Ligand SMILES: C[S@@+](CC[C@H](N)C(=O)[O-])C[C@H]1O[C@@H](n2cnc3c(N)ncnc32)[C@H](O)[C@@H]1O
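A lone chain, given as structure tokens: the form predicted on its own.
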């Protein structure tokens, strides 16, 4: 049930993700000379922006295709799993955009983040929050059920409530300064099929290519009256959780 990444799909159908990360980058407010880790940096689009602001930034991502794309931007990348990295008291800040919801053990990742921060360092992140892609997820599960394909034993993505994420951060010894849950309907200019193709892999692990395509077909059909408006524009039902926490 791990997320599978194809760089071309991500850059074609999810290029809006780093573009929408500019606001959380403002919350990070990187300073010249600060040492910053971009956790789950993907292809490095936002990492490059942090570097351009004068910080000493390194990206971390375990997906080979995405890490390679980031390196091609001239960035320094650690090809490590966020669940297992260890760099005690190294960074002034850890930044993460649209990555924490892929983590299957978020408490472990947050503990690693806390350990990697210098005293006074900050963790700034945005991820899917409670209720994120509810319609999209329900359509995928309904399609699997209709085709008599196995349902995942556990929902593969982590979309916590503000209270749940606050507790996780505090359990790791961090002080929560900002915690915001907000609805952000997001246009999908290239349509819903590409989004499903990019992100559906944990739901169809082990399925044949034909079954995978049929699941996407059924999901698109059921989502059309819900997420496609009269002009033909598709919208993803995104709910985001944005936060900043500080290590005492």
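Being a predicted model, the structure only gives us computed values, none of them experimental. Residue numbers count along the first chain shown, from 1.
What comes next is about the form predicted in complex with the ligand, which does not appear here.
Between the options 145, 153, 81, 163, the residue in contact with the ligand in the model of the complex by a heavy atom within 4.5 angstroms is 81.
For the options 55, 204, 181, 66, the one in contact with the ligand in the model of the complex, meaning a heavy atom within 4.5 Å, is 66. Not displayed here, the ligand is approached by residue 102 to within 4.5 Å at the level of heavy atoms in the model of the complex. Heavy atoms of residue 42 reach within 4.5 Å of the ligand in the model of the complex, making it an interface residue.
With a 4.5 Å cutoff on heavy atoms, residue 97 counts as touching the ligand in the model of the complex. Taking the partner from elsewhere, residue 246 is found to have every heavy atom lying beyond 4.5 Å of the ligand in the model of the complex.
Stretch-level contact analysis of 56 to 64, 187 to 195, 217 to 225, 26 to 34 against the ligand in the model of the complex, using heavy atoms and a 4.5 Å limit, identifies 56 to 64.
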